[in-house]
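One chain follows as structure tokens, the form predicted on its own.
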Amino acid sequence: MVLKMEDIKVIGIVGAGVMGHGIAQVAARTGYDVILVDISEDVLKKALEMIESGPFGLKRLVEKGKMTEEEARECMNRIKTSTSLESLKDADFVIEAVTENADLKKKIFAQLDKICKPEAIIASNTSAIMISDLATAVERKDKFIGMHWFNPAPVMKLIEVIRGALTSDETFNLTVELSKKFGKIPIEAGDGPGFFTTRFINSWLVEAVRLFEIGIGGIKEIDEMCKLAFGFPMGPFELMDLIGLDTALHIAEYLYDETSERHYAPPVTLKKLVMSGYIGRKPGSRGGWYDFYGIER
């Protein structure tokens, strides 16, 4: 059976962190029933709190007049949580949004492949790992696809859609159509390490660190120059503090390992901060670039 848009009723999401709960909010607001899965009840509770009351949550939308209180309540009621992947057995479209670890993702996909109904589509929100690689974990390679969202998911318009080598046209077209229904703008990118956006942004981030290392500019000065010269909302160091220095390091290592191109290699200073517990604005972190160097924001 080939799914059509009208067949999609239930969206499953694996991972209730920053990206996962944001995607869940978008899907529920679009009118879909959502099953949000994570291994931690605490993470699921926090996810629901963020969907309801976070900086991009439903209460903020009500305050701005973009939805009514009743619509917000209905949206919350459409989201169910679970700590078991088995709860996704009736999901029509499943989006994985766990940490950027290929082995972990493959383990989850292998389980989903057995649990989900045969016609269900499985999508990965990976920002860098090749879709053809992740697809080796499933039998339904024709129904496996990359669906790379951006943070914060309720706000950012782009969804990068990536075919694996065996992704079917039907799966690709449906993912594009679903992305549009979510109110997003889907754009196809090729299946290579980092796709387009991550590969491009990584080059910018690591070059900023290298320019800092050789004294071309200070951290705050580089951030300010990027905002003033290019109109960026954040400079590279501010962005790394937001997405996580550990995430930036992991992506740089992955791109360098996969391509052997020197300009993707992670700078020493980035490694040093991560090894010292400075991973940005994340729980348990000592802080980010500005905190390590004692710079006022």
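Each residue number is its position in the shown sequence, starting from 1. Since the structure is predicted, the reported quantities are computational estimates derived from the model, not experimental observations.
Although not depicted, the form predicted in complex with a small molecule is the subject of the following passage.
The chain is drawn here without the small molecule; in the predicted complex, the stretch among 268-276, 62-70, 252-260, 38-46 whose residues come within 4.5 Å of it by any heavy atom is 38-46.
The listed set Asp133, Glu100, Asp113, Asp142 contains one residue whose heavy atoms approach the small molecule in the predicted complex to within 4.5 Å, identified as Glu100. Though the small molecule is absent from this view, in the predicted complex it lies within 4.5 Å of a heavy atom of just one residue from Asn202, Thr167, Ser127, Thr175, which is Ser127. Contact annotation: Gly288 falls outside 4.5 Å of the small molecule in the predicted complex, judged by heavy atom distances. Phe93 falls outside the set of residues with a heavy atom inside 4.5 Å of the small molecule in the predicted complex. Although the partner is absent from this view, Ala24 stays clear of the small molecule in the predicted complex, with no non-hydrogen atom inside 4.5 angstroms. Although the partner is absent here, Met19 sits close enough that one of its heavy atoms falls within 4.5 Å of the small molecule in the predicted complex.
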